[in-house]
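The structure tokens that follow cover one protein chain in two forms, given apart as structure 1 and structure 2.
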Structure 1
């Protein structure tokens, strides 16, 4: 704005200050006489200036501002202006003056005049006339518009110190500017020499964002740029909203991400915590532990998994050991696995104790049976050597006795038979108690003798097969119990089976002995028999067990019974 004024002022001073134009000051006298002597060249120059600068009018006036010459007829406003300003013009000493006429021309536009005093040589102190140039106001409007790209509510306008507008209001385009009284805080501020910008009420009483300053110029004008607060803050509000939305979204995203990250971090930790807590309570977690990735947590998880696995194995081992499975082995978790080593040594100790106990029990039982057998042996010797021999002696003596008559002879023979029978009975008894052939010739002889004896005293048909596929002798410790088992089995057959045929098969290999006793009797119900504690099955089983053997009895009702015995042999 100022630039425009300065330029205009400079140009006008240059134009009208030129010698050739001012030469006409001689004509000032004539002006006073209301006569202007302008040649065609000067007239056209005035015309050119008027159209070049787009002035409303250029008037040459006398010192009372009466028009002497004008480019057009619009000179009426001069009178009105003169009335108001005549005095100030008389002492006008400047080359160029602006006048805000504070009036309207007949177009309804405010009148702004540039006045250039014309001085005569005769009286240089008082102007003899004036060149009055009426400015075209729409130029300011244009400048204002050019500078104003202020949305739908923004405007820049000019206000003079009379607080009336000088430019057309955007909001009241049909209203003459001077009619618009701008009584706003901006105006009162600006003419108190304050500049700046504020949020305030404008001349329409609308809340606006206002920037204002006084024009740095001779005119008492201020330029005010305002935009509705509402519109001005709209982008800010939008930005604010954006920021809020973005902030909210960001917070949400951060929350979600944090949630997942913290879950990803804390879940495994909590999971591990639970596992370790349960471990500390002595409970080994059942479900397998998974570890993903390769980060520290995964490493800790892996370590925990190994801990749990180790504990599981240890527990399982302890469990098995506790359950008496001493064959359970266990690889210690490390060389310094105190618990594992302790468990291993515990297992070995328990195993040792258990084996010792088993051995002791077995030794005790076996000693008992051995004592029994020794007792039997002794008893048989007594029977055989004592009673048997005595009976033999009785028989010899009886035999040697003479019996004269026939009656005596018969009587002697009767007694002899009786004695013979008694000897036979003693033999049978002593055989059952402890057969000497078992002692002297081993199991095969003992069993054969047993079979022979049974055949002799029962109606059973016994088929005995003994296969010995080794040269090594069978120890007495094995022979006697096996003999007793068969003896018991045969006893059962004689007493209960009602069988006719019995098969006794023995296979003696180097490392074990296999025996099968089979009959074609009526069979029996094992459970019933065991419940009644009968048939000496317990003692058969007991003897088999003492030899680490297996006794297997299968009986089918009506078809007979098969007793099988399998004994591992440890020959030395």
Structure 2
């Protein structure tokens, strides 16, 4: 708006310089005579100027503002304006002035005048007449209609110091501007030389966002731009809502991303924590541990997996050692594997203690059996040297006795038979207790004599086979227990098996002795026999263990029993 007035001002100044338009001195002389003598060229020139600058009217007036010449007949407002302003313009020494002549318009429309004083050379201080130019107010209205960015409720309007509107109201387009009284806080402020913008009530009593400023030229006008508050803040509210939505979405996205990232980081750590907690409680995880990638967590996972695998191997080794498997292999996790080294040391010590215990038990049992065998030898010697010698003497004395009658002869023979039977029984007992052939000629001779003796005193048919694949002699400490095992087996067959045929096979090799005793008896239930506390089977088994041998008895009901013995030989 101000730029328009500045351009108008320049145009008017330019107009003053055009002497071909109006010769001031001559015109004033004519005006003073209340006449204007304009030739056709000057009138045409005046019309051209009005058209060129789009003025509503150009009036040439005398020094009382009485119209002498006018481009058109719109001069009604000039009469009252003349009465009010003529005297004040007599001493006008400016090139031109603006006048708001709206209050003199009978139609209530705003009227803006540019008044140019005409001075004569005779009296340069007082104008002899005036050129009054009426401006088209629609020019300002057009400028005010340019409401770029003012939305659907915004408007810019002009208000004079009399608080009446000068431009057409957007909201009351049919009301003359001067009929609209703008008694608002914006008008009060602007004519109190206050500028700025506020939220206030406009002339419609509607809450608006108002910006106002007094125009910077001579007219007491102010320009006010207002927009309804709800529309003004609508973009702000939309932006606020948009920011809130974006913020919420961003927060959700951040929370979701944070959740997945934290899970991706924390889950492996929590998983490893559970594994370590399990290990601290002595529980070794069974499921395999897998690691992916090569980051720090994957490296920790791999280290944990190696720890678990090492713990499993250590635990398995501890189980094997606890179960008595001292031959189980174990490789320590490192040279500084304290637990592994401790387990190996413990295994070696337990193994050594167990071997010592076994050795002591064997020595104890061996000493017991040795004592028994020695007692058997002493018993046999006592029988041979004591009862045997006495019986022999008795037999010799009976043979030397002379029985003359038949009755005495028969009594003598009965006594001799009784003594012979007693001597045979003593010999049988002596053989069973400790066969001298075993002592003198070894296991094969002892077993063969045993078989012959059993066949002699029982109905069993015994087939005995002894295969010797080495020239080295078998020790007496091995021969006696093996002989006792076979002796116990034959006694069991005689007492319980009801067998007719017995097969005894022995194979003596360099490092092992194999023995198989088989019968065709009725068989027996091994579990029942052990349950009843069968002393014979227990004795056979203990003797085999003393020789580090293995004794297996397989018995089938109705088909007989097979007893197998395998003994490692240490001939050194």
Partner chain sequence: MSKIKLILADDHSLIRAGFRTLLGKNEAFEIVGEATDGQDLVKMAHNIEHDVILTDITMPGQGGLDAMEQLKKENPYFKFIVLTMHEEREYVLRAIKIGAQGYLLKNIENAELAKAIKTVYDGGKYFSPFVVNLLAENYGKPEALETSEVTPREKEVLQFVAKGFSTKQIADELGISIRTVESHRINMLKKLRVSNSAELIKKAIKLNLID
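We call the rigid core whatever largest set of C-alpha positions still superposes within 1.5 Å between the two forms. Positions refer to the first chain, counted from 1. It should be emphasised that the depicted structure is a prediction, and the values quoted were computed from it without experimental measurement.
- In this comparison the chain labelled structure 2 is the form predicted alone, and the other chain is not.
- Core-superposed comparison between structures 1 and 2: the CA of residue 391 exceeds or equals a 2 Å shift.
- Annotation: Cα of residue 500 displaced by less than 2 Å between structures 1 and 2, core superposition.
- The two forms, fitted on the rigid core, differ between structures 1 and 2 by 2 Å or more at the CA of residue 355.
- Once the core is aligned between structures 1 and 2, the alpha carbon position of residue 266 differs by 3.8 Å; this is the C-alpha shift at that site.
- Comparison between structures 1 and 2 places the CA of residue 284 4.5 angstrom away from its other position, after core fitting.
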